[in-house]
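Encoded as structure tokens, the following chain is the form predicted on its own, with no partner shown.
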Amino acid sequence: MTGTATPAPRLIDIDGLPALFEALRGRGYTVVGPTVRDGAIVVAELASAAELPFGWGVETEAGRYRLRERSDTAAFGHSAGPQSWKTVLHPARAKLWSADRVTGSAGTSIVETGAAEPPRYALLGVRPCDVRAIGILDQVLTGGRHADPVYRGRRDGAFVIAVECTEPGATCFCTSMGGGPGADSGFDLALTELTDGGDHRFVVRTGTAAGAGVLADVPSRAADEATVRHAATAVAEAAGHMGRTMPTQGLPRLLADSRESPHWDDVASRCLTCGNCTMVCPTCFCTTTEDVTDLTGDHAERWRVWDSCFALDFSYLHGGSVRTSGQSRYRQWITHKLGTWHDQFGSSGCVGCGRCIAWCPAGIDITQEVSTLASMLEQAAADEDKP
């Protein structure tokens, strides 16, 4: 058997980005991508390519995120911001239905209205770690018997344009988790941005027939071998310049064996149980429902909203909450994310984007906490071996 040949990479000049926008909008897509707003690079609906964050980068560290001006005009020269594509595909608030009590000649009846039909999204500038996160959410929210209708409605037909990383941030550790910095699958188009020598261009690879169709409407030219190698080298070098490293060998067993570790008390002394890490995480998916009515009681709505395992009521059962301490809630989050997620969904729940590190107000570093747990277990084993 012979498979379909992979299309050769193409080159798009910076002037081709507006044409890419027009090709997407002409197909009925609502384009969502990064833009500068409120002192951060956020994900938002874009009206044109001019709204991309040209010339802006970011500085990140544990508990720190700052915009910085770049020395070039890169549109995607930044690492992960406070929002992931989860905010588009799995929004923080989504109306499930509404109902009105209507009184007429036939008496009183209840009229229900379902959720509005979502637009078709084109996701522009998806980092490889977030491409992987979308794949994980696909497995969680559409892979079982009870698919999430909100996520499925927004995900179906979504067009994904990945942008490979050539400049990781200080909190990034996607290489450890197999989430980047290169994009191998899960995209319709994949861009590698190059700005060296004053020549701003993109190496473009197609991942689907839909991607090839869009690219055909964008002015491009064949990518020469030297430029393709240059782009691949830039991505490979980024893999060697990660700001963090996660010790991934045997993580599920490590966390299971650390259940009674005294280190959880140390984490609890720093953790505010604010839930920031779960809000910015591109794969945390937990939700709850809220029912609201107007003052007359004639109109009611049901909303699905994000929830967090750091909330006291998250584990509430009849008689009280199961996890009442900050220690137990942090342990639950990290153990599920890195350990028991494998049992449920066949992969880790972490993609190494580093958002939970940057946006933790206490500067708690998930890679450092795992390293400490591993060191404590090794020390305990060594102590047991002493005569």
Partner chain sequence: MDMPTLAVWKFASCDGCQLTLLDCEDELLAIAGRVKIARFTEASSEILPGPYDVSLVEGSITTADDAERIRRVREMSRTLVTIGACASAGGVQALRNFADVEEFTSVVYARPDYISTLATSTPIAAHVDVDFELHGCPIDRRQLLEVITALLVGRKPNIPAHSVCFECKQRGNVCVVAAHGTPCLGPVTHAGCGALCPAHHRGCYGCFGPMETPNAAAQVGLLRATGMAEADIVRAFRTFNAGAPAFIELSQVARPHERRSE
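Since this is a predicted model, take the numbers as computed values, not measurements. Positions refer to the first chain, counted from 1.
Although it is not shown, the form predicted in complex with the partner chain is what the next lines describe.
Asker: Select from the listed residues Ala222, Leu272, Ala216, Ala232 the one whose heavy atoms reach within 4.5 Å of the partner chain in the predicted bound form.
Answerer: Only one option qualifies, and that one is Leu272.
Asker: Is there a non-hydrogen atom of Leu251 within 4.5 angstroms of a non-hydrogen atom of the partner chain in the predicted bound form?
Answerer: No, Leu251 is distant from the partner.
Asker: Examine Tyr65 and determine whether its closest non-hydrogen atom to the partner chain in the predicted bound form is within 4.5 angstroms.
Answerer: Close contact exists here: in the predicted bound form, Tyr65 approaches the partner chain to within 4.5 Å, heavy atoms only.
Asker: So, in the predicted bound form, is Val280 in contact with the partner chain at a 4.5 angstroms heavy atom limit?
Answerer: Because a heavy atom of Val280 falls inside 4.5 Å of the partner chain in the predicted bound form, the answer is yes.
Asker: I'd like to know whether Glu117 contacts the partner chain in the predicted bound form, with contact meaning heavy atoms within 4.5 angstroms.
Answerer: No, Glu117 sits far enough from the partner chain in the predicted bound form that none of its heavy atoms falls within 4.5 Å.
Asker: Whether Ala40, Asp291 and Thr324 jointly form a contact site for the partner chain in the predicted bound form is the question; each needs a heavy atom within 4.5 Å.
Answerer: Yes, the whole trio is in contact, each within 4.5 Å by some heavy atom.
Asker: If contact means a heavy atom within 4.5 Å, which one of 234-242, 174-182, 272-280, 72-80 is the stretch that engages the partner chain in the predicted bound form?
Answerer: It is the stretch 272-280.
Asker: Even though the chain is shown alone, can you say which residues of 328-365 have a heavy atom within 4.5 Å of the partner chain in the predicted bound form?
Answerer: Read in sequence order, the residues that approach the partner chain (within 4.5 Å, in the predicted bound form) are Arg329, Ala358, Trp359, Pro361.
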